[in-house]
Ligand code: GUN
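Only one chain is shown below, in structure tokens, and it's the form predicted on its own.
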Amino acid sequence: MHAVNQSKELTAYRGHVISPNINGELNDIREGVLIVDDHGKIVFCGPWAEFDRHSNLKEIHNFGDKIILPGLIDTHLHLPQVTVTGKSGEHLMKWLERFVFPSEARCADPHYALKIATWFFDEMVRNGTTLGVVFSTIHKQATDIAFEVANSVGCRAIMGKVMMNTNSPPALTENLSDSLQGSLDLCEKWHGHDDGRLLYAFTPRFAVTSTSDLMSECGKLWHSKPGTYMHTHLAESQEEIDFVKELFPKARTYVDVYHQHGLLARNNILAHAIHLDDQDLDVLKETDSSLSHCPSSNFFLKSGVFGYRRVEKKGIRFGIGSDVAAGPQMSLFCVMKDANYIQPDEWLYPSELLYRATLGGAVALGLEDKIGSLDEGKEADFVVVDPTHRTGIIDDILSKPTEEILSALVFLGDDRVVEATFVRGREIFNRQNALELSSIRR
């Protein structure tokens, strides 16, 4: 029997525990249990039969044969774009002008910003996402409101105010000093809040809307604040790349633009990173940069195909991102499916896709010591899923081999399979409660 520290109150969560490990293998425990202390830390993960029942258990939650997974980690998405999900018919640059920039400009209104932030984080946790790496807008107040909402919901967020000072609509164009000062103020207020549940990311949108001065000063600011992140887009579409080449003709490639401006280092998140050559990948590896692969978005905007195996072979860290709203849904189960579908010659298996949506994302963010898998000593971020809630999945799927269960989740799952979402052992979403509340509102 496994005994734990008796000085703390403990809560048990029983179910079929499935969690990736750092070697890409699965810890698979059919009649498993998570034991979580009153600080939200996992003190035991293993078979229920091996746990000392005489420990100081405050509560036991028995989910039967339902699945307990690590909380999902979305490494790239846009808060204000939740209102334009599914707006199609354009490639990236035209899509931004037609749909995205107008929606972001509306966040200058704090009442609207609160409404959208509330909607966004509600959607995130009901999809089983416990950590989102989030673009806000250029508006300092709207970003502050977004942090307030994330804090009240109880989820994790790495988030920042978008920085744009050129080649953008007047309503979304800042001067350099305001952009830097607003970002610094938000960083000082929110970075590390609630023992690191909320973290700050300096967020220049991309090289197209950033002057050389903005990128250089942003890089300096980022490096002056240890533990913060830098979040931007890289090499998403050929039209974008051509524009960047016009703006920075002395740079060898898009990667070189960021390298020259001090934006390549650990704790950056570079979204998309599709159109890269071998030298670009070498630079990204040497600088310990991290990528966010956004397959649903790449499908939707017809941007191209991420070099999954090339990046993996180079040893570059990467997670997956929904990229709402270019990605048309926030469910990372759907994104995992698209990651396999978009690769023309590679088969990505459910277990490795689950790794990318959990521990792989944590590794990309340098947070693998805290989250991403259900290991003793880590914080208890997890999601309870029941595939039978999704039509098209057989009723007895939970009795099948784990490989079949994961295949059903990855290729047929969506928000409907998520029963409950927990961060640090605290339930922040419950499907039944949400359904009852929805019924009352009707």
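All figures in this text were calculated on a predicted structure; none of them were measured in a lab. We number the residues from 1 along the sequence you see.
Only in words, not in the display: the form predicted together with the ligand, which the text now covers.
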- [ ] With the ligand left out here, work out from 110 to 118, 171 to 179, 320 to 328, 344 to 352 which stretch has heavy atoms within 4.5 Å of it in the model of the complex.
- [x] 320 to 328
- [ ] Report yes if all three of F44, C45 and S373 come within 4.5 Å of the ligand in the model of the complex by some heavy atom, otherwise no.
- [x] no
- [ ] Using a 4.5 Å heavy atom cut-off, state whether E236 contacts the ligand in the model of the complex.
- [x] yes
TODO: Report whether the minimum heavy atom distance between H231 and the ligand in the model of the complex is within 4.5 Å.
DONE: no
Open item on the list: Given that the ligand is not shown alongside this chain, does L96 nevertheless sit within 4.5 Å of it in the model of the complex, heavy atom to heavy atom?
Closed with: yes
Task: the ligand contact at H293 in the model of the complex, heavy atom, 4.5 Å - done: no
TODO: Counting non-hydrogen atoms within 4.5 angstroms of the ligand in the model of the complex, say which of L301, L199, L186, V134 makes the cut.
DONE: L301
Task: Among the candidates A265, V100, L281, V363, the residue which, in the model of the complex, approaches the ligand to within 4.5 Å (heavy atoms) - done: V100
Task: Partner contacts for 263 to 302, taking the ligand in the model of the complex and a 4.5 Å heavy atom cut-off - done: H272, S297, L301
